[in-house]
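Listed next as structure tokens is one chain, alone, in the form predicted on its own.
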């Protein structure tokens, strides 16, 4: 049996500089899973939707390895803060701020995200 994907007119958008950039349909973001998207300047962003429906976007590049893998990491919460753990070395990154929870000197870019 094949299930049909949920369809919606809502688009996920990121704030880039002073404008909003449409990344994908909201239906492409499954709760608890990440999706990678290519930005106009060639960078990658990792998009997440938590089980409460909140949206997050951070750089997809793991600063510890240089690999574009954060979208494939495991999500969770630590002290009420949503995070993604890198699938390679397991460092956790706060999805709201981009701050590494395991090394305070390291941070990835976090993007403002909305649906429209």
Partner chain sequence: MTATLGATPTIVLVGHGMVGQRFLEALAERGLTATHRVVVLCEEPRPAYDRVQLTSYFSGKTPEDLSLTDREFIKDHGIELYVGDPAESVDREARTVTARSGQVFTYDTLVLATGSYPFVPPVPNKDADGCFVYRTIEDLLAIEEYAKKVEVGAVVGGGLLGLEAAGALKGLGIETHIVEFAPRLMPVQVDEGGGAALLRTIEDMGLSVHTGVGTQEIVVGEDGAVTGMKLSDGSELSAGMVVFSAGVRPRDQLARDCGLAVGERGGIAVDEQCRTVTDPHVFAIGECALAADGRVYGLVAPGYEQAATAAATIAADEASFTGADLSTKLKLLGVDVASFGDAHGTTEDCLDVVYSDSRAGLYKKLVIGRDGTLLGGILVGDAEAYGTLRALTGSVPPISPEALVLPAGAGAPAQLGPSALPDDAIICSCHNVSKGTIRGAVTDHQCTTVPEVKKCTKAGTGCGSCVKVLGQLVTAELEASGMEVDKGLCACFSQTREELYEIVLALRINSYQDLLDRYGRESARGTDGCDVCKPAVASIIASLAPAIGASGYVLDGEQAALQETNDHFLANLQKNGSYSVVPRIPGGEITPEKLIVIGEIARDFGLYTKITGGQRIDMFGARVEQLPLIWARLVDAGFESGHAYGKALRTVKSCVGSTWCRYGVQDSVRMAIDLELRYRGLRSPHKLKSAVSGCQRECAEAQSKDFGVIATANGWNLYVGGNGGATPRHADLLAQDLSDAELIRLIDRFLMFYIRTADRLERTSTWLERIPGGLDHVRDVVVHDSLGICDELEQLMQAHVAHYRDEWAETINDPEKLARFVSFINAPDTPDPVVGFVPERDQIKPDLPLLTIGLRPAEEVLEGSAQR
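All figures in this text were calculated on a predicted structure; none of them were measured in a lab. Positions refer to the first chain, counted from 1.
Same protein, other form: the form predicted together with its partner chain, not shown, and the subject of what follows.
Using a 4.5 Å cutoff between non-hydrogen atoms, residue 108 does not count as a contact of its partner chain in the predicted complex.
Taking the partner from elsewhere, residue 35 is found to have a heavy atom lying within 4.5 Å of its partner chain in the predicted complex. Proximity of residue 104 to its partner chain in the predicted complex: non-hydrogen atoms within 4.5 Å are present.
When contacts are judged by a 4.5 Å heavy atom cut-off, residue 21 counts as touching its partner chain in the predicted complex. Shown without its partner, the chain has 61, 64, 65, 66, 67, 68, 69, 72 in segment 57-73 as residues with a non-hydrogen atom within 4.5 angstroms of its partner chain in the predicted complex.
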